[in-house]
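Consider the single chain below, provided in structure tokens and representing the form predicted alone.
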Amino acid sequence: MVRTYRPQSFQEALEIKKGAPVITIAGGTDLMVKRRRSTGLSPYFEVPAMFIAHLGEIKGVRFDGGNIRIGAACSFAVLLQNEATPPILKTAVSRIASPAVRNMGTIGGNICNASPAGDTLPVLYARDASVVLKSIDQERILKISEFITAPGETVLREDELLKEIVIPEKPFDVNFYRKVGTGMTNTISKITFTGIAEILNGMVKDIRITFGAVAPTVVRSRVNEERLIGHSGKEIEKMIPEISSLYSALINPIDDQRSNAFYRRSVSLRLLGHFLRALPGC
């Protein structure tokens, strides 16, 4: 029989985390699949489970001092309904699984699962999101790119919980998100692509480009982005072969049951071209 905890506050959850090893469960949509056993047997947990999805302190979405703050236990369904959620993040969330899974699954779980195919991750990388990690003794704020280190691997310590995700509040003129899979939803991504851009006086002032499911972690190159800043859409259209070559060197997809490396690389670069041609002036 599995021992369980159901803390009544986030502070109590942190005290439990400090006292002994536990497996933290919010929505459980990924975790329960990973822990499943044969038909008729309950999932296997080698240490007690701690449930946190009910904790109001980590469920909301709000504006605060120029940032959008999303609680780690905020479900995908709530993100879709909340006006504070960036539209491009809503688009990504709307492509996740089924309504039933979106009602249970949480953004914090999607991040801590650290899958290269995590649907929200390319958007969060592009929006320069940070994560707030809390323990009884300390609070750390890290860029999401620093938090996720490899497939399924993060720098979350044994005594820490992910408290919230912080996204700088900033409008973009171009928001481009694509998920490639066997279907629109209810499918694991073969490729995810995010492109966002701010345009000023016909020139690119800011641009971010990210690829998911084509490398161990989300691919983003600030060096390549800098090459595009200060150029018009027409100038960038002529640069597409060069930029595609630079990104091709960064993309390192694998062959698996969902797709093959050649397909992933080819489609990723096509999506990059579609986005760059969508910039004003092309």
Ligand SMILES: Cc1cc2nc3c(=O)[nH]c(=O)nc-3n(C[C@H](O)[C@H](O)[C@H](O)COP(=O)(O)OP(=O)(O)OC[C@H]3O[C@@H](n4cnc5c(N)ncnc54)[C@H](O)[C@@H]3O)c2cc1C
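Since the structure is predicted, the reported quantities are computational estimates derived from the model, not experimental observations. Start at 1 with the first residue shown and count on from there.
Below, we turn to the form predicted in complex with the ligand, even though it does not appear here.
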Would Val101 count as a contact of the ligand in the predicted complex, using a 4.5 angstroms cut-off between non-hydrogen atoms? yes
Taking the ligand as it sits in the predicted complex, is Met239 in contact with it (heavy atom to heavy atom, 4.5 Å or less)? no
Would Val166 count as a contact of the ligand in the predicted complex, using a 4.5 angstroms cut-off between non-hydrogen atoms? no
Heavy atom to heavy atom, is Pro253 within 4.5 Å of the ligand in the predicted complex? no
Have a look at Val78, Ile88, Leu156, Ile207 for me and say which one sits with a heavy atom within 4.5 Å of the ligand in the predicted complex. Leu156
Could you spot which one of Val223, Val47, Ile229, Val33 gets a heavy atom to within 4.5 Å of the ligand in the predicted complex? Val33
Using a 4.5 Å heavy atom cut-off, which of 197-205, 167-175, 69-77, 123-131 contacts the ligand in the predicted complex? 69-77
Those residues of 154-168 with a non-hydrogen atom no more than 4.5 Å from the ligand in the predicted complex are Leu156, Leu161, Leu162
